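Only one chain is included here, represented as structure tokens and corresponding to the form predicted on its own.
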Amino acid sequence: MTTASLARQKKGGRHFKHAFFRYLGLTLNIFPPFIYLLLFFYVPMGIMFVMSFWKSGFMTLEPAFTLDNYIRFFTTPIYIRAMINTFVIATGSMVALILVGYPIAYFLARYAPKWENLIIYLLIIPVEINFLVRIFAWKIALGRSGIINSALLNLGIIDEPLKFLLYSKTAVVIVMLHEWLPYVVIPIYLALKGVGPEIIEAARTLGSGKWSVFRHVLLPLSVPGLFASFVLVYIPMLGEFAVPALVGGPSAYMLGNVIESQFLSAGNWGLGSAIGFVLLAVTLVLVAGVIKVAGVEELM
């Protein structure tokens, strides 16, 4: 065997050893989170999926395949009404969040470089407070004797307390707006912050005004931030149950409340699982539709 052959074998051995330890390191890094997801997410989801096809009643489950749980959901008016409420409230809240959050993010990214950290900090502070405390605080504020009605009465704007402020869809949207606003502002802010001043200058050099720059440059480049907000906010809002339960009342009953009641009150785990997977399937279709329409896969 020649010296060159020995050198090639030695070099190949070093490459193999390097590749082996590299992939071993990647495997060891990926393995723990994979096991965690498998045990605490995919396995429970799989169990729920199987249970959704079992016959079930009050605190009973019979491992016999049936579509009764799904049929019952789609043929029961109160469940269909809850599903409609879910998408009406979540969509209305998302629109309100974008209308409020986008200008804040735009101002932070373009006009407040000295104050952006302070403003972001002030946005994040409420998130550190327990969400139940925040909901109860809004429940008091929105009540007939709350600070909002009291202020409007003292100013003479209204003659009697506004009834729609509490136990209504409006109340749920208001509380959702407060609860999820930071999760909308920050992704949009980061997307807008990534647009360099040279891009804006180039657009203006080509004759674009402020509105044209926003419409044709900033808005399209902020789509990834809007999509991130959609994933972080809209999808969790579809499963919300605490806010509608505490400030929404019967008129704002959502699917999250139905699922919670089936598991904890009615003891019908099969029906609760079926409703959960209907909501999951609709959510996945929505996400796929947003990705397709917005063309996010080309921008991310």
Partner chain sequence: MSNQEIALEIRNVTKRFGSLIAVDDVSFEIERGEFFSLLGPSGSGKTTILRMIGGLLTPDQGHVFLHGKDITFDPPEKRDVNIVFQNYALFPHLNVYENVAFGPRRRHWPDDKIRKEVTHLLEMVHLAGYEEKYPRQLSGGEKQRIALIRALITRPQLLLLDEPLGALDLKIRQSLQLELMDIQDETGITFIYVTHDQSEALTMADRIAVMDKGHILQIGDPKSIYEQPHNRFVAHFIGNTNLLEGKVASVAGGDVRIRTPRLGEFQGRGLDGASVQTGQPVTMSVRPEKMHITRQEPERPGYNKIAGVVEDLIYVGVSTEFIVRVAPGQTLRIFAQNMSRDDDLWQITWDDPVWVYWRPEHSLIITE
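Values in this document were obtained by computation on a predicted structure and should not be read as measured data. Numbering follows the first chain given and starts at 1.
One more form of this protein, predicted together with the partner chain, exists but is not displayed; see below.
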| property | result |
| --- | --- |
| Three-residue site I104, I119 and L123 fully in contact with the partner chain in the predicted bound form at 4.5 Å by heavy atom | no |
| Location of the partner chain contact in the predicted bound form, chosen stretch of 80-88, 211-219, 157-165, 94-102 [non-hydrogen atom, 4.5 Å] | 211-219 |
| Any non-hydrogen atom of P113 within 4.5 angstroms of the partner chain in the predicted bound form | no |
| Contact label in the predicted bound form: A202 to the partner chain, heavy atom within 4.5 Å | yes |
| I129: touches the partner chain in the predicted bound form, heavy atom cutoff 4.5 angstroms | no |
| Heavy atom of V133 within 4.5 Å of the partner chain in the predicted bound form | no |
| Partner contacts in the predicted bound form for 61-85 (non-hydrogen atom within 4.5 angstroms of the partner chain) | none |
